[in-house]
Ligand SMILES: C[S@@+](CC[C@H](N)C(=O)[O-])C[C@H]1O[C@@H](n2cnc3c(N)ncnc32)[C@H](O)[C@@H]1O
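Quick setup: one chain, the form predicted alone, written in structure tokens, and binding and motion questions come after.
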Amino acid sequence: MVVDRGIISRRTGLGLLEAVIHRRRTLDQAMRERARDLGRLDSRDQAFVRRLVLGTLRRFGQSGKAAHEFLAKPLAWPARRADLLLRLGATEILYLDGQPHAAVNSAVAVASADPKTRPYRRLVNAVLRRVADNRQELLDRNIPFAENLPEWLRESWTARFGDETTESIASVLALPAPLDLTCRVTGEESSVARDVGGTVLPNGTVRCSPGGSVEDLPGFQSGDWWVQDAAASLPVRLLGDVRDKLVLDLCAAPGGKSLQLASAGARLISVDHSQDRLRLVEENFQRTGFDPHIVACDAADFRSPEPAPAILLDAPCTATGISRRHPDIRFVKSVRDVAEMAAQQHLLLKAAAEQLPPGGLLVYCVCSLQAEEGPDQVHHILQTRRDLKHVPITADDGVSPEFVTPDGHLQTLPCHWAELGGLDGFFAARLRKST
């Protein structure tokens, strides 16, 4: 029975990995499509499958390089499914502290049962046994973390940040992300940290180790906090004191920044086009005790009932900055997606600027590390809207100096605060309309 569960788990993991890599499905989409297979597993095995697939996506290049070292020649295209099986097995052996013999035997059983991989079952057996036998030597070799990045992403980040920083970013992306909480009441951070077994970061975020159910943590049901990466909590600070001011939160879902604005006393209108995602915003508002004003509308079409002196535009993006949480993003996105999102962001920025009153403040942010979606986007809007002026961000705005770029933008990188567990990658800029 134990062997059967192990085989089913790894076969399911292989199917999920193939959906992401070869069919460009997000992991969540792939899991919904394979709900029947996952339903055959208990909760512990489902958790193992998710951990295995996420680990392989995070270590895709390193596990591939380790396994390929023991091939006599590169695998041809027809063996692409067998190659994914090798990466799954190598990841489990090298990076997930799995039992090597279980990983090898289960991988061989999966290969033997699948017509597409059956011709490679002996190869799978031989290669993974070599990986297991040479485990420590392979780990000591320190295969570059940048190997885990698709070529288009590695080239993009290297051009923008340089080789050394790209390697530092990739080193953090190879690890699971921590769980970050923003407290409803300022000053309660130490108490919440004590209750959930976490620590307080320099910006006031409470950080916990990942794992377990968020709903089971103390303070969830009473709405004492909400889940929000430390970096994602920074853009709201750039609006300054918003108490009693009308603030528009455009593209608001899943609602973390709206909750920050509500807790700061803003008169808030949260706008998003997705009814499904807005339901999550409503649930979080109800849980935390705030009264939401939510509008289901495309942010480009929304018009405020009265002039709003502060607007936050958290624009849709390729989300490459949060790929430590969602490593599938690296494989389902492409250069084409960057261009498409940049065009959409420009339209949203124009629409936001049009309804900003004279003297009003606009904060634009994205959870992307692509220049086209960050600094290039701001440069473009400033060239086309002469009534907008850039308001440089400084450490006086309550952000760490290392997050401030020479151009006065906010840019967090996954390798920032690496000793504390890293951050999501976020870009933000602040603009003011001329009076």
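Residue positions are given as counts along the sequence shown, with the first one as 1. Please read these numbers as outputs of a predicted model, since none were measured by experiment.
There is also a form predicted in complex with the named molecule; it is not shown, and the following applies to it.
This chain lacks the partner; the member of A79, A266, V172, A299 within 4.5 angstroms of the named molecule in the predicted complex by a non-hydrogen atom is A299. The contact with the named molecule in the predicted complex, taken as any heavy atom within 4.5 Å, belongs to L348 out of L348, L361, V242, V338. Partner proximity in the predicted complex, defined as non-hydrogen atoms within 4.5 angstroms of the named molecule, places exactly one of 116-124, 172-180, 253-261, 210-218 at the interface: 253-261. None of the heavy atoms of E92 is located within 4.5 Å of the named molecule in the predicted complex. For R325, no non-hydrogen atom is located within 4.5 Å of the named molecule in the predicted complex, even though that partner is not displayed. The named molecule in the predicted complex is approached by S274, whose closest heavy atom lies within 4.5 angstroms of it. The named molecule in the predicted complex is approached by A315, whose closest heavy atom lies within 4.5 angstroms of it.
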